[in-house]
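Heads up, the chain below is alone and in the form predicted alone; it's given as structure tokens.
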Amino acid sequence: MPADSIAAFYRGNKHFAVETVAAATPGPGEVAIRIAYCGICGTDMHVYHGNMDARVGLNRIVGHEMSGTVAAVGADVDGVVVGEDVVVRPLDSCGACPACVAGHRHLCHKLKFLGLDTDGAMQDVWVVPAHTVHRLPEGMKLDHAALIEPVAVACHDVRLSGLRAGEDVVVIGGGPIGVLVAMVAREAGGKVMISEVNPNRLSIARKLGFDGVNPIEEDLAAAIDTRTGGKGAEVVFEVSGTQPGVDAMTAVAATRARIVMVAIHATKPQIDLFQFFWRELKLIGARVYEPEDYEQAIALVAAGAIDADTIITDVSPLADIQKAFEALDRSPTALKSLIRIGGDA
């Protein structure tokens, strides 16, 4: 274990400070991980914009989409070995609330999200509860492994949808999570179309082999009707977080379709409840992931089912974290930006 660690602290007002701190050591039930890569996610961008200051404060190390290597283990830790490559499922539940007792620990009433409610992975060495650690298969590239957390989000969304092979799927929103949902849905046998207003992101979706529609240029409901013989899509994922996306999710849905709400909406959207009555639709909420979603995500990335090299659009060193956030904030083309902290590239 190193004596010192480099860490990037969010200080408020769109500012990060990179500082040297004493490296933490793992206590009982904890694991210390030398971080290789950490992705910048949409939630991190909300922090950057100051929208979560009341939650994270002005002295927080953010980051949770990570990969790394076990540097040390504390007492009472089994199944985790120094030198293993790992990722972290960044959820720490209380274990005693009604949700935890019912077996839904990812919906814990007192859930701590590591990297928001506690310090995260934008540092050399990150100490986490051992139960959050998932081992990686030998030989997996650590930059690719940094995608496992958002892929697990997509795995959870698709699993909750009940998608069956051969069903028509519409993903509304072609950002990083939307594209990953589309990839996982395609792997599950769905016939997937992506709706996206950003022409650069739509171009990437098409490069990845998806049928894509820009709803500004083409009526989405009519396009789905044409492609499905007037039936509509059996599964719809709302990933845009916009009112037009919510309007579209009922307009493109087939009879008895399942609609999965993936996006977090900043304000309460208006929903066409008449369509839920008229077509007997189902609306499914999906929040984060469970352990089996992480294991599926690891397997998909290991098998090459996720086009990681296309999803990862840029990599910056930790020393340039400020520039990386600024660049991502104004980029019309980026999908997934990674911060390189150690690693294999």
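Just so we're clear, the structure is a prediction, and the values are computed from it rather than from any experiment. A residue's number is simply how far along the shown sequence it sits, counting from 1.
As for the form predicted in complex with a further copy of the same chain, it is not shown, yet the points below apply to it.
Listed residues Val86, Val77, Ala99, Leu114 were compared with a further copy of the same chain in the predicted complex; Ala99 is the one with a heavy atom within 4.5 Å. Scanning Leu58, Ala319, Ala299, Ile284 against a further copy of the same chain in the predicted complex with a 4.5 Å heavy atom cut-off leaves one residue, Ile284. Stretch-level contact analysis of 207 to 215, 120 to 128, 175 to 183, 227 to 235 against a further copy of the same chain in the predicted complex, using heavy atoms and a 4.5 Å limit, identifies 227 to 235. Within 4.5 Å of a further copy of the same chain in the predicted complex, a heavy atom is found for none of Val18, His46 and Ile311.
For the chain shown alone, Asp219 is not a contact residue for a further copy of the same chain in the predicted complex, no non-hydrogen atom being within 4.5 angstroms. Taking the partner from elsewhere, Leu107 is found to have a heavy atom lying within 4.5 Å of a further copy of the same chain in the predicted complex. a further copy of the same chain in the predicted complex comes within 4.5 Å of a heavy atom belonging to Ile264. Looking at Val82, you'd find every heavy atom of it more than 4.5 angstroms from a further copy of the same chain in the predicted complex.
Taking a further copy of the same chain as it sits in the predicted complex, the stretch 265 to 285 comes within 4.5 angstroms of it through a non-hydrogen atom at His265, Lys268, Pro269, Gln270, Ile271, Asp272, Leu273, Phe274, Phe276, Phe277, Trp278, Arg279, Glu280, Leu281, Lys282, Leu283, Ile284, Gly285.
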